[in-house]
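Heads up, the chain shows up twice below as structure tokens, two forms, tagged structure 1 and structure 2.
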Structure 1
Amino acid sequence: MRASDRAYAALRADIVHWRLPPGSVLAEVEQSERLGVSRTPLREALARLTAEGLTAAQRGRGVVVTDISLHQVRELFELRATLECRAAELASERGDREVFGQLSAELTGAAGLLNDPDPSRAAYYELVSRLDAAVDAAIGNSYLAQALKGLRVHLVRVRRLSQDNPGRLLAAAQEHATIARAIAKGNARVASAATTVHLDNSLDHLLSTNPQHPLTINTHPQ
């Protein structure tokens, strides 16, 4: 792997998982030493992150991790509604029903995963990622799949703001199960409607738990 790719992957993971929270300054010397790369590949990595909207150049500060505003969260969910509802419809028409039937069963029984003592709930989020991957594989549209992939980078970052509420996570698991079940039955209309319900509930929860969060929400969109 090239040095710039290695630096990009490491920084991207640190940003998405909040090891580098919004507002963190990514000083070239410090990050070069931390990641074990020279400044040229680091700059290439930072340029890619800026193109994705995860970092931005600020006068007098250098490159910083971008804030997450309530306005941006709403915009992300508007885009999600467009992309994910259509993806659910296509997956219903083109997907392997057995695959989605199995995913629905696993998501229905996700309470056990959410009761896992692992605070990261890695097993649960891995299951949700498998549903995403199954949808991407089923839709048969590389452009839509790429758009969804780019969107999910920001969604994983926003997930931290939901505060991992156990009740909401369990409800979300059942909503995902309903989506997977509709896809397994080949019912595009129900799959799209179930996706809309899930997105509405997720956004409502996110906004209700972060009306004006002082550390993670910048209420003045850039």
Structure 2
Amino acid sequence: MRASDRAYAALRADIVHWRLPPGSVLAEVEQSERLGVSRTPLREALARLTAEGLTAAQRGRGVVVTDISLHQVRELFELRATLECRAAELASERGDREVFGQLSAELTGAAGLLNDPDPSRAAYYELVSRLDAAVDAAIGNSYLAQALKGLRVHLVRVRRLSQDNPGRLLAAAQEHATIARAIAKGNARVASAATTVHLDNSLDHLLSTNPQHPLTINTHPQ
């Protein structure tokens, strides 16, 4: 694996998991020494991150990890709703019904996963990402799939803000199950509607647990 790929993956993970919180300045020499690569591949990694919107180049001060305000979260969810509703419709028309039937069944029984002691809910999120992957494969549109992928990077970072409690996660799992069931039935209208409802609930939950603007207060959530 190339050094630039390693640097990119490491930095991206650090940003997404808030080990590099918004506002962190990523000095080239400092990061290249930390990651054990030279400046050239590190610059390539930073360029990729900047293209994704995870970092931004500040004239004269290097690149910094971009901030996320609640206002931006709203914009993010507005685009997300647009893309995911369309994706749900297309998946309903073009998807493999068995795949989504199976996923729907698993999601309905996701309560078991949430009783798991794992605090990171890895098993649950893995199941959800399998649904995402199934939708990507079903829509048969690489441009749309790519747009969705680009969005999800930001959404994983935002997830840290939602401070999910078991109740919300259980409800979200059922909403996901509803979406998968509609796709399995080939009902595009319902799939789109269920997606709209799910995203609205998610955003409401996120906003209610983050009363005001100051997301930067949560910079070190530990």
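Residue numbering: sequential along structure 1, first residue numbered 1. Here, rigid core means the biggest group of C-alpha atoms that superpose within 1.5 Å across both forms. Please read these numbers as outputs of a predicted model, since none were measured by experiment.
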Output row: form predicted alone located in structure 1
Any chance the CA of residue 58 moves 2 angstroms or more between structures 1 and 2, core superposed? yes
With both forms fitted on the core, give yes or no for whether the Cα of residue 27 moves by 2 angstroms or more between structures 1 and 2. yes
